[in-house]
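Okay, here we've got a single chain as structure tokens, the form predicted alone, with questions on binding and movement later.
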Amino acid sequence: MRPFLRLSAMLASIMLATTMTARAQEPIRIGVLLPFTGPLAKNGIENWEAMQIARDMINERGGVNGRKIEYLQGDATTPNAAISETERLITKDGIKITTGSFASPIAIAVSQAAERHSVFHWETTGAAEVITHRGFKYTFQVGAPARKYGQAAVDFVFGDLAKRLNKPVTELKIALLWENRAFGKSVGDGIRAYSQTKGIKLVYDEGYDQTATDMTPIVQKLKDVTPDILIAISFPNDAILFQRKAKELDFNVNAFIGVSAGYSSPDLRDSIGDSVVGIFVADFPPKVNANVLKPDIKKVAEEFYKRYEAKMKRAPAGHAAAGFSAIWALFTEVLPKAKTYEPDELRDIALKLDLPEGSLVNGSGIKFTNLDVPDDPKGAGENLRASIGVWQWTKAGNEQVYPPELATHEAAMVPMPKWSNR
């Protein structure tokens, strides 16, 4: 009997070791929720390409703790589709880590579904304030919150444009136009509040339906108030529609600041061509002054830009660099410290991150809030060290122009030429 027991124990040990080895070699599977089709697809694909480069780079380096990274895609074309796709990846494919999502309405939906299943959600670029103000436990927003975009635009007016336009800020006529959904409203609220603290009185402040098909009334109202500077928050289709109508009605401003989303989209250049040159974008930095980056991440940045430009035949916009930066942090700062890869363990690791600015490719660092925001007991998972600034469309691509420490180029085309001279 004893030989039989020893043999059984030996076989059990072998089976256990085989199972553990097989599991150790299994890929780490991550659900990626982005708009791969539909009106937001170009931005979704922009993020996706950057995230694929990050996955390839980490897998070529041997993976995370010897395990390869594997993505499972969810096509999040709308908030409803985002919930449905997130549920599918979690309940049918057993995903315990999700990421994405490009646009705020999609990020809100994905994080809501993930939280319901206690799944760890690593948000790359969704920015609406509400994403991290619902008391969620498993949502981490690596990119900057919406109010920071508005602050970047206003700071740029104070720190740069006023001097170039040779006017005191208090004499500048500044108009604010915003699409009236989650992102536009959040940014608009932030700009309005921040402007008041700076003593700026907006000469125009109006929201509009993102699905509007005729921008004539809006452009006509703006012509009537003759602003020096227009700050506009739009998504791709409405940004294109607005620019075409502004050209048709010959509406000119001395400086135009778009805020992320539609104004950072490759769609804009594809649709209006070189008319895009000169437009400023308050957004994630697409490429920062390399001197602000830590030496090890500087090499990663060089490889990312080289691969991206070889693949896409153009420089990445801010969302692509932000998507890469966020997912690279997940691969190199969170997952390597995990043993179980369970959401509770990943959450604990994320909350302990304390990375200074310059730790990520786009100049960001990481330090998350954890239900410790003084005026908002539900605030959690907001990255306090996400970089944000202003870049400008150029004929060759884009250049970071503000703040000075991140800038790769000086602001140009101020005042902006009239349509007839562009």
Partner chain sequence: MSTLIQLVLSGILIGSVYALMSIGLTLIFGVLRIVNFAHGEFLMIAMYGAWAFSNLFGLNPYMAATAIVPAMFLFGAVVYWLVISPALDKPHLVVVFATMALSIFLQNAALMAMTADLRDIPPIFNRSITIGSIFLKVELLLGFLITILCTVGLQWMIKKTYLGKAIRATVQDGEAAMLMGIPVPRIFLITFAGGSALVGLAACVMVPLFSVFPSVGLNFVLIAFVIVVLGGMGSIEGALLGGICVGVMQSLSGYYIAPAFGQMFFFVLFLLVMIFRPNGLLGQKGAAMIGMNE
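It should be emphasised that the depicted structure is a prediction, and the values quoted were computed from it without experimental measurement. By rigid core we mean the largest C-alpha set that fits within 1.5 Å across both forms. Residue numbers count along the first chain shown, from 1.
Beyond the structure shown, there is the form predicted in complex with its partner chain, which is absent from this document and is the topic of what follows.
*Asks:* Does residue 94 reach its partner chain in the predicted complex if we count a contact as any heavy atom within 4.5 Å?
*Replies:* Residue 94 lies outside the contact set for its partner chain.
*Asks:* Even though the partner isn't displayed, in the predicted complex is residue 165 close enough to its partner chain, meaning a heavy atom within 4.5 Å?
*Replies:* Answer no; every heavy atom of residue 165 is more than 4.5 Å from its partner chain in the predicted complex.
*Asks:* Does the 4.5 Å heavy atom contact test between residue 173 and its partner chain in the predicted complex come out positive?
*Replies:* Close contact is absent here: in the predicted complex, residue 173 is far from its partner chain, nothing within 4.5 Å, heavy atoms only.
*Asks:* Tell me, yes or no, whether residue 213 is in contact with its partner chain in the predicted complex, where a contact means a heavy atom of each within 4.5 Å.
*Replies:* Yes, residue 213 lies within 4.5 Å of its partner chain in the predicted complex.
*Asks:* Which single stretch, out of 284-292, 253-261, 214-222, 108-116, brings residue heavy atoms within 4.5 Å of its partner chain in the predicted complex?
*Replies:* Among the listed stretches, the partner-contacting one is 214-222.
*Asks:* Can you work out which of 277, 297, 240, 169 has a heavy atom no more than 4.5 Å from its partner chain in the predicted complex?
*Replies:* By the 4.5 Å heavy-atom cutoff, the listed residue in contact is 240.
*Asks:* Could you tell me which one of 78, 84, 226, 271 places a heavy atom within 4.5 Å of its partner chain in the predicted complex?
*Replies:* Here the answer is residue option 271.
*Asks:* Which residues, if any, of 35-53 lie within 4.5 Å of its partner chain in the predicted complex when only heavy atoms count?
*Replies:* If the 4.5 Å heavy-atom criterion is applied to its partner chain in the predicted complex, 35-53 yields 38, 39, 42.
*Asks:* Does residue 80 move its CA by 2 angstroms or more between the shown form and the other one when the core is aligned?
*Replies:* No, its C-alpha moves less than 2 Å.
*Asks:* Superposing on the rigid core, I want to see if residue 214 changes position between the shown form and the other one - specifically a Cα shift of 2 Å or more.
*Replies:* Superposed on the core, residue 214 moves its C-alpha 2 Å or more between the shown form and the other one.
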